[in-house]
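As structure tokens, one chain now follows by itself in the form predicted on its own.
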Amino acid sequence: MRFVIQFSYDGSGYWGYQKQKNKQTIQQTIEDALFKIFAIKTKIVASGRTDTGVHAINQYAHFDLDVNIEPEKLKIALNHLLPNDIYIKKVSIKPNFHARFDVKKKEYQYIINTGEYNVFENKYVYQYNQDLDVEKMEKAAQQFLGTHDFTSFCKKNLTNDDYQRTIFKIKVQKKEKKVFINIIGSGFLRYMVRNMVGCLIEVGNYKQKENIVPKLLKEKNRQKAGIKAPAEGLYLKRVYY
């Protein structure tokens, strides 16, 4: 039977989503909870991984178990065993669902504090604590729209030669002292969102011109595309199936 879970997590205390040897991760924590319930080793497959310190508002995963349990009871059991920084929002049964391969698009959100340092938000909002020209950032952001080779904005993988992704929508807006950057795309390469945000920050602080994006995309050179924004401001907001 294929179970699907929708869940959220605070990534600040984990070494990312994906299992790693001798490190606490989101995947390992949920799989451990499943083992406590069923005494069966179970692998969960998510829509994709998130890196160390990155959070998720809505993440999805599936796993296969030959057990008879109502989805709501499994949700209650998992939440009882999981730590308070991981929460299962919904459990359902979908025989033909694949959490990774069925993804149509994803939405990430990045949050920047341009006001005074906030000690209570330092794990959840990037404490940039300086003004940014949001209008210029928004103009630069629109140049990411469409299908491009994002080699300049990701960590290269020697086993992957496909760096083409499509950005459907991107929005930069300021609410009081916080800047919110929302990006919807067909998929995202490792560090891609953080590198895109880093570029936009450098436009916002006038280190880069607002028309720099097409040139950087064409260069296909990560070394020329500027800083990588810190993990703590990044959230997987929504996965579209």
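Numbering starts at 1 and follows the sequence shown. Remember, it's a predicted structure, so these values are computed and weren't measured experimentally.
The same protein also has a form predicted in complex with another copy of the chain, omitted here; what follows describes it.
Shown alone here, His62 lies farther than 4.5 Å from another copy of the chain in the model of the complex, counting heavy atoms only. Taking non-hydrogen atoms only, Gln164 never approaches another copy of the chain to within 4.5 angstroms in the model of the complex.
Heavy atoms of Ile170 never reach within 4.5 Å of another copy of the chain in the model of the complex, leaving it off the interface. A residue is said to contact a partner when one of its heavy atoms sits within 4.5 Å of a partner heavy atom; Asn122 meets this definition for another copy of the chain in the model of the complex.
From the list 99-107, 130-138, 86-94, 143-151, the contact stretch for another copy of the chain in the model of the complex under a 4.5 Å heavy atom rule is 86-94. Annotated contacts: Asn157, Arg190 and Tyr241 are all free of another copy of the chain in the model of the complex [non-hydrogen atom within 4.5 angstroms].
Only one of Ile57, Ile37, Ile69, Ile184 lies close to another copy of the chain in the model of the complex, with a heavy atom inside 4.5 Å, and it is Ile57.
With contact defined as any non-hydrogen atom lying within 4.5 angstroms of another copy of the chain in the model of the complex, Tyr235 is the only contacting residue in 208-241.
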